[in-house]
Each structure stands twice: as C-alpha cells, then as structure tokens.
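Below, in structure tokens: the form predicted alone, a single chain.
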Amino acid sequence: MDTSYRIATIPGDGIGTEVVPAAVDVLERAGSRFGIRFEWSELEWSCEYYARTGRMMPENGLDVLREHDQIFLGAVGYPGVPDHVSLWGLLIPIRRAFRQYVNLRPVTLLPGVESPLREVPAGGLDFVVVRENNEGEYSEVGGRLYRGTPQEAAIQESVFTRRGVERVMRYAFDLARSRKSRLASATKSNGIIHSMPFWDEIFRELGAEHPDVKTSDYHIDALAALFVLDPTRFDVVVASNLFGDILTDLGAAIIGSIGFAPSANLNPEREFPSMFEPVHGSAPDIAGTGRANPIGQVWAGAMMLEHLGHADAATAVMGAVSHVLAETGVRTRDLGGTASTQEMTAELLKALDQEVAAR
C-alpha cells in the first residue's frame, strides 16, 4: 500500500532552483521503489518574489505551509536583498511558527571523498551537531538608537529560556543514547556571564538524569579548534543557535565541501511540518551555469525520508550517493570534477536503481 505525503518545495534563489528539482527527481525514484507517493507544491517565495511584492512570502504563507506534511527548501539569498531581510522574512518565521527547535546537521565524511584535514581516514568523521533553532542569540530583542549620528548604538539581546534549552538538550541526550552515548556541549561561560552559565547549569542537571551518557563541555573557541585538530572524538554536539550555526559550517568544510552538507529543522513532536535544506547558500556566482552540486539537497531529502519513517528508502538514497562518490569518477566542480548538476543527478538515479536491485 502506497503512503502519500504533501511536500511544499521552496526552491528559493540561485542554485536552489537547480538542486531542488534534482533532489525531487531522486526522491521520486526512491518513492517509486519503496511505495511512497509525493504530492509536490512548488512555491515561488524568494528574493525575486520579494523584489516584486516587498515580502519574502505572502501574508498567509505560514497557513499555506501548515497544510503540508513537510517543507523542502533550496537556498535563499541574492545580491540586492540584504541577508537579514531574506532570513527574517522566510526561514526564521517558519522555524519559529512550527516550533522547529532542533536544527540537526550531520558531519559525515562520505566514501570516496577526502577531508582537507591531513590525518582523517576514510569514514573517520561521523558525528552530528544539534543546534538550538528558535531562540538564543538570534532573538528579535533590541534596536538601534540615534541612527545616523555619531552617538548611534545597536543593542542586540540574547534570550535563553529554561524550556528552550532543556528541550533541545533532551533531544541531544536521546540522540546520543541511540549512537555512542557521548555528548559534548558548546559554551562560553568564561566570557558570557549570564546566558552561558545558565546553559551549563541545565546541561549538568540533565547529565545527572542521563548517567549512561558521557558528557563533556568545551568553550566554543577550543571546540572549533578541536573540530579541526581532533574531530574523531565527537559523537553528538549540542550548541546554541549562533554557536551551532558557526560550528556546522566548519563541519561542512571538514567533510570536503559545503555542497554536501544537509540539515533538518525538526519539530520533534511532529505537531507541525519540519523543514529540510542543504547548508550551502544560493551561490549566485554559479547560478544558472549547471555547476551546482545537488548532493547536499539530496542528503537533506534522505533526512526527510527518515523523519517520515522510511529509513529503508533513506538508506538506499545515501547508498546511491556513497556509490557514486566511491565507485565512479563523476564529480561536480566543487569536488575537482567537470560533471554538471544534471549529469550528477543522472548518475545518482542510476546508482539508486542498482542499490534497490541489489537488496
């Protein structure tokens, strides 16, 4: 019996309009092999839409999304529209309205890919960052005073609530239990006097409730250095909104290309749609050239399949990705090859068919 899902796709800007269709093709093929049917609703919300309407999405945009099971996002941002306009006009309202308080970002070195780090063996990187996604440093509290004068000031407040910190940490502890039972926390309590000691206190409290999970905490500067110097020590890392954002871009770099890295904005209780997107941006410098790497978007699609309860289909998709990277010479330009987005997608589809046939 087929299972059907309504998926809202927001290709967005730049290469988003190229990698989303590529990933949809892969997901459609996986769906046909595993009895999953998708109903795709493509939404034109983007910086181009903003240029026409003055909004990143229509006033009823959240109501439109609420009618879907999940959201599949490409990339947002384009020259001429300030980044804070595109982010606060689309991504952040979605993340907050739908309580997508977990941003889950795997840091996994795929087969056939070399890390830029010298001593990392094949398969030697496999950890995940759990980023708090709804509050923290990315708050709306603050403002600008005395604009345009020598006395101009900008005030930006961080907001950490017990509820917000506890729920993301509980998710991280549960995830660590399902993996290697190791959880690291990113902090900066030696320099940030209120919010970070608060974060540390809650981490210790929850650590006492989870004695089977080995915990450690690192100041963010030391933690960033260890991502480069000794990344194999990590299993699950939990971090605030800002710290998690920065760490995961570094994580994407050490697995070989930011074009690989996926992310999931999760509402763990499944009361609302979750949103799946690659970490990379809209890359306007290569938009329209057919050079974009679709793997980050495809991997985000695999995370969506897993969230929907189709682990077998997700495994097949990632098996196809691993096969192409490890067993073929097909590479997009960010990996030193010459393959186009279309050529890489065709190779992924072929590998997916082989992956399913071998089962």
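Please read all numbers here as calculations on a predicted model, not as lab measurements. All residue numbers are counted from 1 along the displayed sequence.
Omitted from view is the form predicted in complex with a small molecule, to which the following refers.
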property: Selected contact from 213, 279, 264, 90, since only one has a non-hydrogen atom within 4.5 angstroms of the small molecule in the model of the complex; result: 279
property: Heavy atom within 4.5 Å of the small molecule in the model of the complex - the one residue of 223, 104, 76, 125 that qualifies; result: 76
property: Contact segment among 194-202, 156-164, 250-258, 68-76, judged by heavy atoms lying within 4.5 Å of the small molecule in the model of the complex; result: 68-76
property: Non-hydrogen atom contact residue 245 with the small molecule in the model of the complex at 4.5 angstroms; result: yes
property: Heavy atom of residue 138 within 4.5 Å of the small molecule in the model of the complex; result: yes
